[in-house]
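What follows is one chain in structure tokens, specifically the form predicted on its own.
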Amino acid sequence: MTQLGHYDSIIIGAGHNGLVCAAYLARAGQRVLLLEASDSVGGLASSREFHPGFKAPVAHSVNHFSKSIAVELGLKAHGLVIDVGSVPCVGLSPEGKHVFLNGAELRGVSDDEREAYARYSRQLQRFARALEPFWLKTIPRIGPNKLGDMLTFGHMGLNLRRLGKADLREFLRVFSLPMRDLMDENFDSDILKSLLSWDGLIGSKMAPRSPNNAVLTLLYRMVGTTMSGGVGALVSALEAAATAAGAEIRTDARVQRIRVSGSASGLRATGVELGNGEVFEADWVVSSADPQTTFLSLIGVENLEIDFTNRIKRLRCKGYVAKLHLALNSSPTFGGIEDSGGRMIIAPDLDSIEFAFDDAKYGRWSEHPVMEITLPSVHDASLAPPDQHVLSAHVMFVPYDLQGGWNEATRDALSERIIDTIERYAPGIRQTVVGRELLTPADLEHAFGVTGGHWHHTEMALDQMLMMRPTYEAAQYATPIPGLYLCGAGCHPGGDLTGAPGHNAAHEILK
């Protein structure tokens, strides 16, 4: 065991939240060490080669990163172009009657549907703006609080009151409404309903009829801004910002355990030990790993109270999304699509989403998969050889626990089914495929060390959000172990490429 120095803060995991947290702490004058197990930074947003000459990140779009974080960290100076407008979305129709959505512009539906969308969008945007400030704030715990915490609750209440009586009543009504009900109340077009509900459902264990918080998740994804250059440009800018601020980044540095000292009545995190025996000490240890990995593997249950341990064990962490990468030797042609640089949704109606969810509940993948497709190489030419492309597909409702287990045969069967589905919308694409990779939730767990292969580290549900994320006693970034903080997607406000958990955790440490 080799002692290698003392830092103010050590951050475990150089995903985008770890990079954001490191940049803020280093800018404040701390000596920061950021440790990453893999050979590159970015986590699920890192670009990796899946076929010779072809690369892709698991996270395939940046459409609601926090603009204020981008500005505060000076990401523009590190080559990132921010606030480039909305990402075009297309709801694909098997008959070619696609629905196109780009910000406020909606095409492919009737005039009545466009008017209904304008009303719907205005109202949901008001709700989203009312909640927006609190994604970048620590949500206080329930109970006796300091004045600053009470002011946060007061600010939230005031924002909601400013909606006015009618909109406030409507907000409270739709807050936990099943997505199916919200869509049916407002629209007739099946493809439009699927398109608009997608961002409330993707990455979750919820279907259109699920009575939970799909609308809250949708409001969360309606704020933030779009960056040009794709996911790779964001990760590169964050790495440059953290390094420029003075943070030290080490890759191929897997943390084996978080070191604690003291008695059972007074433990404190004091540093980390790597798999190769190296030891680093710090005043604060900050984990961007998922909560179960942090507490059950790196800290160990012997250092935790039994009630807290049981709550962590009960977190719902099994992912429901698979990732397909296709290496294409030419640009694919989707019938009726002139610009393939946005997001394309294959979900003909809400029932198709619901039935895929039903299959996954019983450990099966759907014979009629629903998915979101992008061509990331359109925005980042470095991902593929000249005049060739990468297709990236997020396939919803693929179970972590497949009946009979995942193996090469089951992966190949699902890959073939997905390609068959895409072929209906892009005839001839199969002949352009020169390589492919399917990552199931189980594969994501193995490759990226994320428990259950869950994008968001733990399900974004009402009982696992806000002052309950991931659970009480750890929902304000500090944990029951003094000196140990969380800064990953398992914290408030949740997953996706927003940077908010890293930002909020850094500010709590700096207090």
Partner chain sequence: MKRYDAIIIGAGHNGLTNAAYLAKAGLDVVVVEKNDYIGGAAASREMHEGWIYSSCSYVCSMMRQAIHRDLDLSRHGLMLVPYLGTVSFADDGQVLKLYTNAEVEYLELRRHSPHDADSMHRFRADLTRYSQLIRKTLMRTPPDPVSFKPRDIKELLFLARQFWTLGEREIYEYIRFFTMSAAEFLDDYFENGLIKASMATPGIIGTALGVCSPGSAYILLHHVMGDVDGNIGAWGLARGGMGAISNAIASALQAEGGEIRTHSGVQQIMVRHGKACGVVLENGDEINAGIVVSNLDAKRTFTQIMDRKDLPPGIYDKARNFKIRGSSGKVNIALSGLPKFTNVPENRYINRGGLTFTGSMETLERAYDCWKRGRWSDVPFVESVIPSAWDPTVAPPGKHWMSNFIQYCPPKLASGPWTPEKRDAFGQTVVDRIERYSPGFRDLIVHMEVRTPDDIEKEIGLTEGNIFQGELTIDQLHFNRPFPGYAQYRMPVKNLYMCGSSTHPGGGVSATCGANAAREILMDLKRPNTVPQDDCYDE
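Positions refer to the first chain, counted from 1. Since we're looking at a predicted model, the values are computed, not measured.
The next section is about a form of this same protein that is not shown, the form predicted in complex with its partner chain.
- Of the heavy atoms in Ser176, some are within 4.5 Å of its partner chain in the predicted complex.
- Contact between Met468 and its partner chain in the predicted complex is found at the 4.5 Å heavy atom cutoff.
- Residue contact with its partner chain in the predicted complex: Arg162 places no heavy atom within 4.5 Å of it.
- When contacts are judged by a 4.5 Å heavy atom cut-off, Phe50 does not count as touching its partner chain in the predicted complex.
- Taking the partner from elsewhere, every residue among Gly143, Arg169 and Tyr472 has a non-hydrogen atom within 4.5 angstroms of its partner chain in the predicted complex.
- Heavy atoms within 4.5 Å of its partner chain in the predicted complex map, among the stretches 428-436, 190-198, 306-314, 292-300, onto 306-314 alone.
- Among the residues Glu423, Glu113, Asp181, Asp83, the one placing a heavy atom within 4.5 Å of its partner chain in the predicted complex is Asp181.
- Of the residues given (Gln256, Ser330, Ser210, Gln123), Ser210 alone sits with a heavy atom within 4.5 Å of its partner chain in the predicted complex.
- Shown here without its partner chain, the chain has Glu354, Phe355, Asp358, Lys361, Tyr362, Arg364 in 346-384 lying with a heavy atom within 4.5 Å of that partner in the predicted complex.
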